[in-house]
Every structure is written in C-alpha cells, then in structure tokens.
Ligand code: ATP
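Quick setup: one chain, the form predicted on its own, written in structure tokens, and binding and motion questions come after.
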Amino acid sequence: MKYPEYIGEIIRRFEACGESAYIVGGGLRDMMLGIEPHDYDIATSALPKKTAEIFSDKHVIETGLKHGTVTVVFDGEPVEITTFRIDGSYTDMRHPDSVSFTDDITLDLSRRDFTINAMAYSPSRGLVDPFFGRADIEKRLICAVGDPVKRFSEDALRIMRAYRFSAQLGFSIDEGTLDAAMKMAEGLALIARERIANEFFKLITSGDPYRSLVMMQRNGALKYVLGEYEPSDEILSQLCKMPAMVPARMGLLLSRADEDTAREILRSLRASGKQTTGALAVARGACLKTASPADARRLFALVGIYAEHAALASELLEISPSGAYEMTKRQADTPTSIRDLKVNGKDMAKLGASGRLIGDTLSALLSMVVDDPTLNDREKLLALAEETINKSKGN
C-alpha cells in the first residue's frame, strides 16, 4: 500500500495514544486499484474530542461533530477523521436519525454502501475486509454491503452512486444490487437535486458512461435526473467521444430536447451558469450542419467558444459530415463577433449612423466578414459601412 507520509504519521499518532486508526473509503479502494486517490479518509476508535487533543498542534476543523467527524490539516492537506460509528434508522431516506459511536471497525464498515468501499487498512493491523471487497475488486463488481434494499432505503443516493461507480471504474453491478436499485428507484425523488447532479455529472464525464446510462434508463432511474426527456441510444452511445466536460456532454445529451426543456433540466440540476450556457450552446449547435469554413465561422458567431464542441456533437450525430470538428477548429482565430471587426461603433457614428442603425450596420458587416474573412480590413469595412448606412437612410 502506497500513501503519503502524513497519513502514516496520523495513524501512528493514534496508535501511540492507545487508539486504532485506518485508511477507509474511496481512498483505500483507489489505492487497491492502482489509482492515485484524490484524498484520504481516516476512521478511528478515538472520540472527536480526543482526536482534537491528539492533533492540538495542527489546525483542527469541527467538520461534523454530530457524526463524529473532524478535519485535521496536516502538512497543508485536509484529512477527514471520523470516529467508528453505527447509524440509526433512516426515516427520510437521506440521513441517519441518530449516530452512536463504537470501538469496532467491523460495525463501522457494515453501515457503508458497497463492499469495495467497506474495507479498512492500517500498516500495523493490515487489511480489514469483512464483506469481501477485495474479491469484488478482483471480480470488478459493484455489490451492496448486506441487504441492498436496506442499503438503498437508508439513502437512495446510493442508487446513483452504484451507476456512477460502474461508469467510472468499468465494473459490473451485482444482479441483486441492480434489482434492488430498480425496485427502490422512486426513492431518488426524495434526494436533493444538488446531490443527484453531483453524481450524474461525475457519471457522464467518466470514461464510458454508456452502459450505466442504459441501465438507468431501463431501470427507471434516469427519469429522476432528466424528467420526461429520453435521450436516444444514438446519443448515449456517442457521449464518450465528447470531451469529458459537463457543458460538452450535457450539450450532446440534451441535443434532441427543445431549448425550454433543456434549460429546465439544467435549472433543476442546479447547473452553474457556465455549465448551462455551455450545454445550451452545444445543444443548439449540434443540430446545425457545418459543412464549410463559412458554416464553421457562422457557428462561432452563434455559440462562441463552444463552437468546436458543437461541431463535434453535430458530426457524431451525422448531421455534419466527417471532419466538421477539425474544420471548425481551424476557423477558431477568424472573425466571428462584432468585437473582432476592424471598425467599431464610433466609426459608424462618424459615417452618420446613430442609435439602432449603428448596431444593425455592425451586424451586417459581421455577416459579410463571416462569409469572407478577407473583408475584415478597415478601409474595406468603412466603404461597406458607408454603403450600408446610405441604403438604410434611403440615400
């Protein structure tokens, strides 16, 4: 097992004080898969107050004392440390009604979602694996700890996590776990949309989300993310070919929805402004045929920086011919907006335009330049602008 020195130091401090401590959760799972963890979580027999005392020389943040969690900043890295615990009943299918602490790591692991996340490791005690998570890693299998119906009734978000882990890790889902996910899918209606979105965005930006999305669609879970909108198999199968970014992949995913529906889905998922703007731009551009350099420049004029992703989506949907993406990339530096023109509103005013006519003239000039970039020359544009303004005034 390879982990940072500060993690080893944390465990040694607990053991020096007569407490046990283990690396747990996703960090341990990733270590066993040969993936560098994003972070490390520690579970300990020490109560939160004692944890704070042990690390009194460090910055300690009372992250969630109710659930036994404190965060210790060690060598500049925040590490969540949680006391071994047993969860009470989950009447809201989201949070335990109560939490009690224990000194038994096996009891702590028994409350976790999947076997691959229900292991613990310390250098002195080795691997604790009461639910055979290591074997499931070798079998590349997502399997609930204990009764899957019970696990999903405790927190329905675990259903989304099963599909997400399957997509991210390329694992299959155990048959009993998948059946329970289908039976309990309606519990997703009780989950906060931010939590749904967090899992879904991770899923669709994974290496190959196709299989998980098809399972979600077949098992009735996808409607709790996208509502009544159902993306086609064609779209789902091409998603992995888009850049692994939320705007790009959500744009392709929503490309067959009308704009109001797409906007509402993004709003309901609490997508950020940047994610929403990007996804709508890609969805809009995906429906347009980009078959020439002029088409590519028009696409830039319409959707701005998202033109390349939109062209790729259009190509994947066979609306645009093969090569549309590369062709669009080559047009990235050509004039595609009014600010790229070699003239501006002050120039239009000097030529006699005012009010709305200034904007209309600049827009007309942009259309000409998009069709023929060689026209983006100051003298040429001034001549074209004078002609356009005179026509508008009836001269």
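Note that the coordinates shown come from a computational prediction; the quantities given were computed from them, not determined experimentally. The first residue of the sequence shown is number 1, and the count goes up from there.
Keep in mind that the form predicted in complex with the named molecule is missing from the display, and what follows is about it.
Shown alone here, R270 lies farther than 4.5 Å from the named molecule in the predicted bound form, counting heavy atoms only. At a distance threshold of 4.5 angstroms between non-hydrogen atoms, R112 is in contact with the named molecule in the predicted bound form.
In the predicted bound form, none of the heavy atoms of T276 sits within 4.5 Å of a heavy atom of the named molecule. Taking non-hydrogen atoms only, P335 never approaches the named molecule to within 4.5 angstroms in the predicted bound form. Stretch-level contact analysis of 37-45, 360-368, 343-351, 324-332 against the named molecule in the predicted bound form, using heavy atoms and a 4.5 Å limit, identifies 37-45. Here the marked residues F131, D136 and R140 all miss the named molecule in the predicted bound form; none has a heavy atom within 4.5 angstroms. For the options F84, F165, Y224, F200, the residue carrying a heavy atom within 4.5 angstroms of the named molecule in the predicted bound form is F165.
For the candidate set N117, N219, T71, S153, a heavy atom within 4.5 Å of the named molecule in the predicted bound form is found for exactly one residue, namely N117.
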